[in-house]
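Shown below, as structure tokens, is a lone chain in the form predicted alone; questions about how it binds or moves come after it.
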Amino acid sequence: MSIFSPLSAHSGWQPFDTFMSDALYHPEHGYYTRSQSQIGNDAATSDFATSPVISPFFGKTLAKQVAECLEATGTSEVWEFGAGTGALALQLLTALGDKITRYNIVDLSGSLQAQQKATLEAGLQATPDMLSRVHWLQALPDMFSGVIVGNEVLDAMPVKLLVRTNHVWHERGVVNLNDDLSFADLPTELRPPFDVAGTHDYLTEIHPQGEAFIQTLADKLLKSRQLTGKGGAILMIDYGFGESEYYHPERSMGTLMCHQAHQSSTNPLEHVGEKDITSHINFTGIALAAQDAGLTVNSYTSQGRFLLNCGLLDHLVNASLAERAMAQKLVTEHEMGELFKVICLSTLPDFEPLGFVAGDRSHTL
């Protein structure tokens, strides 16, 4: 078992979200601050693959929705959070061209920022003007407008673990005894947002940081709309469910998962700082956070339906068999098409985005 120094020195009880934050984002020892590349298709050199890495047609298709959002909001800036390898940024910049005057990347990982710069410099070397529109930020401005894109961002935000044992709810935390990490549960007033039927033992997550993140974005977009007349839209893509499915009585072991070398495990206390820790998203909570902050929840659907609505098949007409096979992973139900969802939030109450014209599931949130 690998324990990096901040955890080794900590002997008290830590809430799981504090542990997860250190394991992923500690400036020296965190998983996302390592120099190694985590994202890719090769299990020998990476831990997991994201949609833009699996197929370039993901970003090319998403660009159609981003373009419509830019036009609807009267803006020309894109804000990408957690840009990974830079593959999605390259795909969007190439597809959108002069529709974008500025592409902002917000990423906490210095190693990934370096990888993003290398990807974009190589991909945009023939169009240096496009490269000059890309900017990296460490902190958000007081307000901004434009289209926000987050692909697999929410799932990497620290979560709190709640466990019901013998009819009593506890918050699960982490303790370190003689360099041996283990879980420890303390009684809590915290509860899941959805009443979990039954009295059986039950483990689940709640997402205060992810919901606070959405509220922060909403506040900045709405302030911009109030002061400048320009607001924006948010497109979040991730794996998850609506509230009733997320807290289904049979989902009694929660959704927390770890990824290393393209293998999954459920124990975040092993190889700390060396593997990814994620949780599925409660999209009802995300929608309510946006709505409470003053945004409109425009649409919600599966990734497969979203990409088909945005014209993925048009991009595959002249694609090779191998390219079609990889793109198919994005939309088929047994791969990423059903588990991954897309939600659109905006400052536009009457906006009906094209990616959701068929198969909208907002009524299930």
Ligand SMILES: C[S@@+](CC[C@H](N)C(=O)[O-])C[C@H]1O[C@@H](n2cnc3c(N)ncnc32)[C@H](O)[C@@H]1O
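Since we're looking at a predicted model, the values are computed, not measured. From 1 onward, residues are counted along the sequence shown.
FYI, the form predicted together with this ligand isn't displayed, but the following is about it.
Ile39 belongs to the set of residues with a heavy atom inside 4.5 Å of this ligand in the predicted complex. Put simply, Phe351 is far from this ligand in the predicted complex: not one heavy atom of it is within 4.5 Å. Taking non-hydrogen atoms only, Gly273 never approaches this ligand to within 4.5 angstroms in the predicted complex.
Proximity of Thr255 to this ligand in the predicted complex falls outside the 4.5 Å heavy atom cutoff. Contact with this ligand in the predicted complex, defined as any heavy atom within 4.5 Å, is confined among 128 to 136, 180 to 188, 105 to 113, 260 to 268 to 105 to 113. None of Gly231, Gly82, Gly240, Gly285 but one reaches within 4.5 angstroms of this ligand in the predicted complex through a heavy atom, and that residue is Gly82.
Contact with this ligand in the predicted complex, defined as a heavy atom within 4.5 Å, holds for exactly one of Ser302, Thr296, Thr50, Gln328, namely Thr50. Annotation for 321 to 345: no interface residues with this ligand in the predicted complex [heavy atom within 4.5 Å].
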